[in-house]
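This document starts with one chain, in the form predicted alone, laid out as structure tokens.
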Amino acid sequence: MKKLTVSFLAVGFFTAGIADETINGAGATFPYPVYAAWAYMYYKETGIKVNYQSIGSGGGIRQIKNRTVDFGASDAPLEPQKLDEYKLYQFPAIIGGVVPVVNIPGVKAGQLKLDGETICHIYLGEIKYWDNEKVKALNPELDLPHKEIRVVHRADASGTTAIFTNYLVQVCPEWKEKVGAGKAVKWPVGIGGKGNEGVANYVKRLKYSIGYVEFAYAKQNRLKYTLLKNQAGKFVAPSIETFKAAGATAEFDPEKHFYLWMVNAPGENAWPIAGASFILEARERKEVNKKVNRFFKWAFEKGDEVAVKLDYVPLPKELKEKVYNYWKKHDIYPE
């Protein structure tokens, strides 16, 4: 899968002079693997290049605010008043999951169990060793080492961080009080990596580390994901099925420009740290938006299979129809 992603990158960078038309976007690293795959397929079919730069949600918001790209992408949805202030449209494009990953020798993927409170206290720096009593209580069958936990977080303004910290705020009052939620927060402990790629690389290299990445990056880098206790009290593994279960209860409202957080969703099989990735467009650029939306409409119609292969959840049919109607309402539906 890693080689496949690199091949998408190669096409993206070397066909710029061949395509008659180029769409430029920038933002979240969370959806990059699926956007790259869609862009490759779209270019092969239409000759139109989609140049998407994976720079983080903060960068994507900044670039569309400055009108330096055709679209921005963010995993942290903007509130309606912010969209009005920046004169932007917003709609979801894909659903995925943020996954805690660890590098503990002898511990395999899906063996370590964690809950929100324990992750919170690890990231607060209050649980310092893997054989801490709270971690051992969740994992009585594992022989956890007395090794210092090496905490890894994002260094850049990140929608993945916004999803992760919004989850911690919901499940841990101390996190809400001491740190809060956002694309960038003041981390109490740990080292920062740039992008999902940076966090994945750190966790892969550092023994006894913990980090959080979008699930596709965990699988691509063969990182050891944890099980996580959900709102229903059940330990679940990250998967298409548990992300779908989280999305099943999500009620996106087009009147609020689809503003919604999906973390800590109810449901026995729901993954607790799920989220959507959103597209941002400048309101005054009707024709540019139609060109961008023609690509996403194509992706919604022809890209579901590759999205699932890359461990993302395509938008449900009903949500796609809501997006189409939103485009029609604002006169940005591609003809």
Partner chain sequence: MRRFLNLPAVDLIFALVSFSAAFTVLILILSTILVLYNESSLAIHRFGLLNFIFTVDWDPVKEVFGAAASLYGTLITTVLALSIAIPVSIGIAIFLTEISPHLLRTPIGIAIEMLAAIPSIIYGMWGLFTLAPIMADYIEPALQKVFGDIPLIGKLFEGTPMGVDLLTASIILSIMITPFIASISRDAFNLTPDLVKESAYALGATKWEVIRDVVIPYSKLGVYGGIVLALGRALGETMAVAFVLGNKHQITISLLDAAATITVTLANEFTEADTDIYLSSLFYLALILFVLSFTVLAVAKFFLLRAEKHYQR
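Positions refer to the first chain, counted from 1. No experiment lies behind these values; they were computed from the predicted model shown.
As for the form predicted in complex with its partner chain, it is not shown, yet the points below apply to it.
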message = Can you tell me if residue 205 lies within 4.5 angstroms of its partner chain in the predicted bound form, counting non-hydrogen atoms only?
response = yes
request  = Examine residue 156 and determine whether its closest non-hydrogen atom to its partner chain in the predicted bound form is within 4.5 angstroms.
outcome  = yes
inquiry  = Please tell me whether any heavy atom belonging to residue 277 falls inside 4.5 Å of a heavy atom of its partner chain, as the geometry stands in the predicted bound form.
reply    = no
task = Would you check, heavy atoms only and a 4.5 Å threshold, whether residue 187 touches its partner chain in the predicted bound form?
result = yes
inquiry  = Using a 4.5 Å heavy atom cut-off, which of 178-186, 137-145, 111-119, 236-244 contacts its partner chain in the predicted bound form?
reply    = 178-186
ask   = Given that its partner chain is left out here, which of 50, 299, 55, 310 has a heavy atom within 4.5 Å of it in the predicted bound form?
value = 55
